[in-house]
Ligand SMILES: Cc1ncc(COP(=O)(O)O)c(C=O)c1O
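What follows is a single chain, given as structure tokens, in the form predicted alone.
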């Protein structure tokens, strides 16, 4: 079935959703973004995603020309227009991409000369690439490339300029084709993954980098909140590769997979090389929160 896309005030068929080659999204990668997922066809933390979207818009000085409430309304309208294309057991992404609109080549790229380009679409939630890692854990690898320093671009601005992350992920996969990148900042501190945050468990304490050098992830916040509800001590701090290599447990958080256990880091076993008890407790609590077995849903896609 053909899905519909919201494109600057209109719902159009996916194949007809086109923007100008002169859009700032193309010319400058001048675009902010959000990706929300559903559970049982219910968007998860959509308000938080829209709130973060508007913080990114403010910092990039892109005028969306609509309120957060209006953005939420058209988001749900787009989602509901596509709901019939998803089976009862299927969930989906809800993605926002918002650019400054038409970009005039010249001396001043900062001017928004017209309406923004507002792009909202849904896509099937493909969990196959991560499904096996829930049980066996993934391999976290530090690439050669470093994070764009926060002095240049605050990592809390969620943007579509993903080339540095893509190159870092490629470098990690030179070590292991299935590796998940653990990107360091210029000081050698653990920052983030190409699309997620990083956690370590040491002596019962759940630790994660502060948002000085990484995205303030919605899933990151959800994991911290669940940990506090379970009575698991948490700490937002500076982490170095040493702390991951010597941790008892390690995992990534991100919108699609929620929690992805990591049982190996730069070739070293993390803890005993098995998915640890704290990670399992948090995954179970997340499944209970959303009323869906997260692991089973992912594994069903590869069975």
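None of the values given here were measured: they were computed from a predicted structure. Residue numbers count along the first chain shown, from 1.
If you look for the form predicted together with this ligand, you will not find it shown, but the lines that follow are about it.
At the 4.5 Å threshold, heavy atoms of residue 164 stay clear of this ligand in the predicted bound form, well away from it.
Residue contact with this ligand in the predicted bound form: residue 78 places no heavy atom within 4.5 Å of it. The closest heavy atom approach of residue 72 to this ligand in the predicted bound form falls outside 4.5 Å. The shortest heavy atom separation between residue 215 and this ligand in the predicted bound form is within 4.5 Å. Heavy atoms within 4.5 Å of this ligand in the predicted bound form belong, among the stretches 264 to 272, 233 to 241, 23 to 31, 251 to 259, to residues of 251 to 259. The partner is absent here, but in the predicted bound form a heavy atom of 219, alone among 122, 103, 219, 142, sits within 4.5 Å of this ligand. A single residue from the set 197, 117, 180, 82 has any heavy atom within 4.5 angstroms of this ligand in the predicted bound form; that residue is 197. With respect to this ligand in the predicted bound form, the three residues 49, 158 and 193 uniformly fall within 4.5 angstroms at the level of their nearest heavy atom.
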